[in-house]
Structure formats: structure tokens, C-alpha cells
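As C-alpha cells, one chain now follows by itself in the form predicted alone.
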Amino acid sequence: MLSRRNLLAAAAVAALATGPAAAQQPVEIQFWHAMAGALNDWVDELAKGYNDSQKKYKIVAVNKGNYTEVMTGAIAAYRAGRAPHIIQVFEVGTATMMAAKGAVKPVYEVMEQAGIGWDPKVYLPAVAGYYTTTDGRMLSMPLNSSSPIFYYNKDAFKKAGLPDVAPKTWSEVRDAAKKLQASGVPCGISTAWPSWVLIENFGAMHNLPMATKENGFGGLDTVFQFNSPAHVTHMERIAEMQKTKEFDYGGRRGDSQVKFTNAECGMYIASSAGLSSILKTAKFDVGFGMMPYWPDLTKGPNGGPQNSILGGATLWVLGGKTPDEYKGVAEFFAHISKPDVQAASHQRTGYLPITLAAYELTQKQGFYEKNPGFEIANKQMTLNPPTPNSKGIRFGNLVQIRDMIEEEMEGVFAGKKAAKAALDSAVQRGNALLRQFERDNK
């Protein structure tokens, strides 16, 4: 049994152990994300880089599943009072996060209240604009942004007698498809994420509205317009190409990638974020270019393309935390926005550089001369100053709307539905989902 003297001594030792030492423990910042595999390693290194740069805060990065699982898990955690500080949300969840008033603390508030001299103008306008209010306030922090780009099989092009350059227009794509097929390639072109590429980015590249109210940026009472004559003509032409396999539908999301990497299709449109994966799996030299456009349908400058819009995700800050915790969040955001940190992320992952300085640093380092595909998305998104039709889209229930649009397009590609009837139906069904979101978030 311990004597009274020994008990007092033990208590004194315990007090010393838990007092000053506890005060030195860093403030933990919980960061939930959806990056898996090599991208999970990238996020871990971002967190480690920040943690090693200072001692006051500690970013704890945790993979919580895919994008949908992260968002729904965070909402449930918030309701239970156990929300993380930062969550990674894909671009289609932007309207949902904006509508979650009280649960979200806008990034501009986090950064301004931290007083760290933050300048929102350092971010690429085409990236920041997607997550910024109409009066210029940034709501979430860009992390991994991408845009669809054009890929082509350089070996197949050479065999078909085509020049080693990406076609610029859809008419040139169609001509190239015919020559590729004549040389033995089964299909001309396919695309990943059909709604993102053939509806959302088609509208942006041609400076055509997908919906009223600046594609949803101006209010929840937005109404779809992607059944315009130009949209219908575009879909009719793609459907015509489908009949001869000049275009070949390969499924939703990235299901069609294998059609390109196994050389079944000579051309492909997919996310710039898939660049590293395509380079690793394709058994041929890969060329790159911007997305094609129809000169007779575009409303872009001088009859050319306007600019593309992005995909990927940003970091949202949840409410209910202490000022000190928000200071740690702000300093982490400032860290990952540094030119050297962001340039390294861009060069490692294929995602866009989120700041102008990171882009310029990558240029100065000569990275694009050795890796030309990595610059295409950035050039395409900054091709012209974004317009209300090309700065992005912001619709509630967008996950369901995308599925519905692709369901209608599948009817067209299968020859079961006319392009106009399919787009009319998609607009009608999509507007019903918009109204439901509007009612739920008034």
C-alpha cells in the first residue's frame, strides 16, 4: 500500500505530466476526403507537409469512402454533433452545400477572420468562379479540379495517314473517325461522363446556356434550356455518328476508358484527372488536344470555342468549431495554396494548378515541355474570360439529374428515341428535380 507521502508525490508527477505537456498538444483538425489509392497518399503528404511546417495544429486526413459517402457521412456527423472541420465535396454537391446554411462556414469568412492576408484573386478565375457567389465571395477552397480533354492514339493516327495533331472541330473528328475505321480501328471516338462532356461542357464550350439564372448561379428558380435547337442539332449529329461507330457510347462515368486504352477507339474525351491512368495503361503513344466544337453552333468569340468547365472537388468548412480551430483550417488552406506545394500537386496528380502562380511556376520549371498533356485542361478552361454560360453550373439534385440525362441519351444512342424528344424529356424531368430542390431549401 502506498504511504500518504508517496501518494502526494505520485499526484505531483501526474500533474506535471498532464499540465504543461497537454498544453503543448497540437489542435487536431479533422479532414474527411474521398481520395483513394495513390491519391490518398497524395492527400496524406499534403497533411504531413503542413503538420511538419508548424507545431500548433495537426491535420488528420481520413478517407471516408467515395464522394457521395463523404458528403452524406459528414451531414450525419454534423447532426450528431461529431462533424469534422473540413470535408472534400465533389462539384455536383455545390448547391447542396450552399443550401446547408449554418452547417457550413464559408471559406472567405474563415480566411478573413484568421487574418492571414489571404487574396482570393490568386486562384484561377475559371476554378474559383465555380465556387464563388455572384458578388465574388469564395465559399469553398479549390483542391482537385479537372476538365475534360481530348485524347488520341498517335500510332493509329499515323497508320491512318492522319497528321499528328488533335482535330479541332467535330467535323474534323468525324473525318478522322472515318479514316481510322478505314485503317482497321473499330470505333472513331468515345467519351467518359456523357452528361458532363456532351451536355454541360458542350454548352460552356459553345457559350450556350444550360439553364436560366446563369446556369443556376443566380438562384434556385433556375429552369433548364438544354433542349435548344443547337443542343438538339448536336445530339442528332452524335446519334448519326453512333450508327456507324464513328462515335461509340461506352457507358456512364469512366466506363468507356477501356475502349480507348485497348485501341478499340482511336479518340477519346475524358477528364484531365485520368491522364496519368491513361498514360500508364495505353500501349501506344497518346496525343492530347482541346475538346472539339461545332463552328456553326458556337456562340464563342469569333466563331471559336468559349471555354470548358470543371469537375473534381473542393474543401468545405463545417460550422460549430472554435476560432482557434478555424485558424488552423485557414493556415492549412494557405499552405496548400503555396505555389510550390500546388505546383507539385498539379504535376503529381494531373489535376489543375489552382493558382496562377502554381501554373506559372510549372511553366518556368519546363514541366509542360516534357508533359504537354498536363497543360491542355488549363489552357482550355482559360481560353476566354468565362461568361454566364461558361463559368460553371450550380443545380440542386445534380447527381440524380446527370443520371436522368444519361438515361435519355442512352435511348438516343440505342436508336429508340429521337434527339429532340430525349432532350425535351430530360429538361422536363430535370426541371421537376430542380423544383423539388427549390421547395426543400426555401
Partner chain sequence: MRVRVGYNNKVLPYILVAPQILITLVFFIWPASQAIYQAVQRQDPFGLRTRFVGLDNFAAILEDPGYLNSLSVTAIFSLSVAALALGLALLLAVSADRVIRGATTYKTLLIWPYAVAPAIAGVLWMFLFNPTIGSISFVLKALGYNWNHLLDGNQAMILVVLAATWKQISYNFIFFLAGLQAIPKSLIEAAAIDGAGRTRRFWTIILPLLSPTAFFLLVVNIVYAFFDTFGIIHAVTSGGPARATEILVYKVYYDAFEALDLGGSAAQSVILMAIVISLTVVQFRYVERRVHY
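Numbering follows the first chain given and starts at 1. Everything numeric in this text was worked out from a predicted model, so none of it was measured.
Here the subject shifts to the form predicted in complex with the partner chain, a form of this protein not shown in this document.
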With heavy atoms only and a cut-off of 4.5 Å, decide whether Val165 touches the partner chain in the predicted bound form. no
Although the partner chain is absent from this view, report whether Gly250 comes within 4.5 Å of it in the predicted bound form, heavy atoms only. yes
Contact with the partner chain in the predicted bound form for Thr96, defined as at least one heavy atom pair within 4.5 Å: yes or no? yes
Can Lys416 be called a contact residue for the partner chain in the predicted bound form at 4.5 Å between heavy atoms? yes
Answer key: of Gln363, Ser277, Gln242, Asn371, within 4.5 Å of the partner chain in the predicted bound form (heavy atoms) is Gln242
In the predicted bound form, the residue from Arg237, Lys327, His335, Lys259 that sits within 4.5 Å of the partner chain by heavy atoms: Lys259
Based on heavy atom distances of at most 4.5 Å to the partner chain in the predicted bound form, which listed stretch, 204-212, 223-231, 139-147, 100-108, is the contact stretch? 100-108
Non-hydrogen atom within 4.5 angstroms of the partner chain in the predicted bound form for each of Lys48, Lys55 and Thr322: no
Just give me the residues of 52-87, first to last, that have a heavy atom within 4.5 Å of the partner chain in the predicted bound form. Thr68, Met71, Thr72, Ile75, Tyr78, Arg79
